[in-house]
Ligand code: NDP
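As a starting point, one isolated chain is supplied in structure tokens, in the form predicted on its own.
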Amino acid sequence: MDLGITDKVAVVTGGARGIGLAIVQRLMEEGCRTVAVDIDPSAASNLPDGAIFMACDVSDEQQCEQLVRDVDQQVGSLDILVNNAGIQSTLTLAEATVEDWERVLKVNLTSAFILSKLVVYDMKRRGWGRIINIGSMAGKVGGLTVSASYAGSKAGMMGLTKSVARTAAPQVTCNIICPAFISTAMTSSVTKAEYSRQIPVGRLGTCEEVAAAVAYLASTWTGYMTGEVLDLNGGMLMD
């Protein structure tokens, strides 16, 4: 199925590793001119041929402003923004400090706020755009293996998504995908076995499945879908 996004300019934060890398690869396959953003310049070596790399600390407002300018000048007007960048913390509530809380929220949530604010009004002016946030089931259930700061950041991402969706309408959509356990290079065999037993489909999800959901939400077929929380958890949470 043609998703109608050939030659669209897409930016994926946290786009050089794991889920973000899979999203970059999938959007490129759909014909997008795709920019992978990462804080570490050495991560550019992970990217497929044809991907564009830009280094940026997305928790820094000035760097985000420069990123958007660079994309506009070097690639073209931004059509699709995927707010995927994030960090985890497994500190318990007792162990966590205010510094840990603020660090996780700044990367996971504030970055999405900054970038969405920077691009949404230009998207509206041009009459089309897609903002896609990567959340987590932890934002709904409070986190099974992650900290309050991580769960809080992902819960906040859902609220941000709905607020941006209202602002962006009717020309631009904003949705959020909430994966549960996704198999990556860092997922241990013990973790896979333990959590697969709790998931109705009997396995962890793949990065490629998250990327496919992003491609769908980025497509021209989803103009009537905005402010939506799309679960991707193998039936682990049915609500």
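This is a predicted model, so every value here is computed, not measured. Residue numbers run from 1 along the displayed sequence.
The discussion below concerns the form predicted in complex with this ligand, not included here.
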query	finding
Segment assignment from 49 to 57, 26 to 34, 193 to 201, 166 to 174: heavy atom within 4.5 Å of this ligand in the predicted complex	49 to 57
Residue among Ala151, Val120, Val107, Met158 with a heavy atom within 4.5 Å of this ligand in the predicted complex	Val107
Heavy atom of Ile87 within 4.5 Å of this ligand in the predicted complex	yes
Proximity of Ile134 to this ligand in the predicted complex, heavy atoms at 4.5 Å	yes
Residue contact check: Ala213 to this ligand in the predicted complex, 4.5 Å heavy atom	no
Non-hydrogen atom contact Gln66 with this ligand in the predicted complex at 4.5 angstroms	no
Residues within 4.5 Å of this ligand in the predicted complex, restricted to 153 to 181 and counted by heavy atom	Lys154, Pro179, Ala180, Phe181
